[in-house]
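Okay, so here's just one chain, in structure tokens, the form predicted alone.
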């Protein structure tokens, strides 16, 4: 029996880092792992990052799992048939919710599938990863929150339907802050287990890894959700994916160049009072790579990995999810990249950009 673990949560919560380190832990235990990533567009940083770590990764593009349900089941089916994993870790789009009604119930109700679908899955409890600073800003300190009410509504709904709330990044919290946030979440989402973890530092991952393998999904209550508000929340976010090949006159510290791009973007979005949900840069040079992320206009960039050597050529992927109109988001990213390119005397080849606001969510199945 293959275990399918769906791990949701808002943009920037640390889902990919968690999935990576869980996958590494399962590999250490002798278990085979498959991973399914998800994005509203293409050229997803997380897919390339996870592949670079040697894992079998499938990607569902152009919308969330629920709106691309057939593609999602095809990818899961392919992983199951080709790779024979013990567990598949699936990461839905960070602006997605209502997963019980649109994913779990259709998965469990086998008659909705094609004959070819592998019906040998069991399902781990729905895990929702949450950034503690986002909890404080959105829920506990509302005056410090730059997101509109619709996005706050989406954030709350994600937590409402969780079987497990994974309070991530506890390594960045004081003991008092940690206990206050845990107490708040337990009181607000009564009956839901709150598990403090640090995906980056691997704190709490052994307990979680065992739980996802050993426990089955039992909470199957359909979420009470207003799809008009949910759709408005997704539409508020500008969604940008860009990719290019960068050539320089001499080898440089690519990490510093990426910091320059991120900090310039951060400055512009802060001036415009456009909150960053997630900004990710991924650079790949031969057998080396880096990944750096930013999750707020008020935070510091965080490297998952830096390049070990200076480089003169590399591929660059940029993913930005910002509370801004797509036209403004695209112009800002292009202007910043152009400024940094000139500062480093770089040339960009095959620079392509897609930028949009997600359309109204329209799941194929929604089972009450």
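Numbering follows the first chain given and starts at 1. Quick caveat: nothing in here was measured; it's all calculated off a predicted structure.
Absent from the display: the form predicted in complex with a small molecule. The rest refers to it.
- In summary, the region of this chain contacting the small molecule in the model of the complex, judged by heavy atoms within 4.5 Å and restricted to 228 to 236, 249 to 257, 81 to 89, 169 to 177, corresponds to 169 to 177.
- The small molecule in the model of the complex is approached by residue 304, whose closest heavy atom lies within 4.5 angstroms of it.
- Residue 278 belongs to the set of residues with a heavy atom inside 4.5 Å of the small molecule in the model of the complex.
- Remark: residue 293 counts among the residues lining the small molecule in the model of the complex, judged by a heavy atom distance of 4.5 Å or less.
- Contact annotation: residue 137 falls outside 4.5 Å of the small molecule in the model of the complex, judged by heavy atom distances.
- Taken together, the three residues 3, 125 and 127 all stay farther than 4.5 Å from the small molecule in the model of the complex, as judged by their closest heavy atom.
- The partner is absent here, but in the model of the complex a heavy atom of 198, alone among 163, 264, 198, 274, sits within 4.5 Å of the small molecule.
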